[in-house]
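Quick heads-up: it's one chain on its own, the form predicted on its own, in structure tokens.
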Amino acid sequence: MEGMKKNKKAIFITGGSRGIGEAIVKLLKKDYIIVAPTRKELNLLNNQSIENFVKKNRNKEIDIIINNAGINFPQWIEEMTDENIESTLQINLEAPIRLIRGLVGYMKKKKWGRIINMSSGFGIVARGKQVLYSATKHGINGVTKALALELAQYNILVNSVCPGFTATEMVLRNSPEKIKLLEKDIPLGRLSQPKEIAELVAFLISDKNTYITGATIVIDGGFTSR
């Protein structure tokens, strides 16, 4: 993050190496400075790693935060392991809160900023084996709303993006038969593409967005409308 040029706004993003995060980085890298730490640089499972990263970068000129990293290991409630509980809550909910706490200072000083919390359609609805994932995604939507109120006075817009089933590694690890069943549940009849989600993020963080904040924006082909 050293030597960043300020003729472009700087984006800090987690999970930027694959899936939706990779699509966001690819779409925005020409117009923004991208700060996408590797796991070696920032281990979201480890609070000390997060605090060390924040301490090192607290005074850097970060204009936009995109909390994109997330995990989902579906389990029925009685099968749920302590490790799954702890890791899902940590990566999907606690880490974003800690990162925003540590990196929002420059935005407040500048009185301009954008924060995107990547949520999910399961932050709107739920289904079996999704207790942990739904809990964290409903939770991050609550974080978004509370932060939007807290940071509005600094002209910092905070929004959640809730993708439905998207053609990422997380979804494509299912069998072709399971994917066909998923597509039958989507009114538009197909998975979304990561670039479609990235395009929405691109608008929300841009100067074109001047009034959307505290929103939970669903982009799911109609899945949650059923």
Ligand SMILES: NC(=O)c1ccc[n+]([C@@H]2O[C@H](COP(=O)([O-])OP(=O)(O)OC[C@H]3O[C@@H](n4cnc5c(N)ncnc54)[C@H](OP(=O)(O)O)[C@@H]3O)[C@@H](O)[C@H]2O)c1
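Residue indices: 1-based, along the sequence shown. What you see is a predicted model; the values in this text were computed from it and never measured.
The form predicted in complex with this ligand is left out here; the points below concern that form.
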item: Residue 165: touches this ligand in the model of the complex, heavy atom cutoff 4.5 angstroms; value: yes
item: Residue 118 within 4.5 Å of this ligand in the model of the complex, heavy atoms; value: yes
item: Partner proximity in the model of the complex: residue 91 to this ligand, non-hydrogen atom cutoff 4.5 Å; value: yes
item: Partner contact for residue 179 in the model of the complex: this ligand, 4.5 angstroms, heavy atom; value: no
item: Interface segment, criterion being heavy atoms within 4.5 Å of this ligand in the model of the complex, picked from 104-112, 68-76, 124-132, 142-150; value: 68-76
item: Partner-contacting position among 198, 171, 36, 33 - heavy atom within 4.5 Å of this ligand in the model of the complex; value: 171
item: Those residues of 13-52 which, in the model of the complex, come within 4.5 Å of this ligand by heavy atom; value: 15, 16, 17, 18, 19, 20, 21, 39, 42, 43, 44, 45
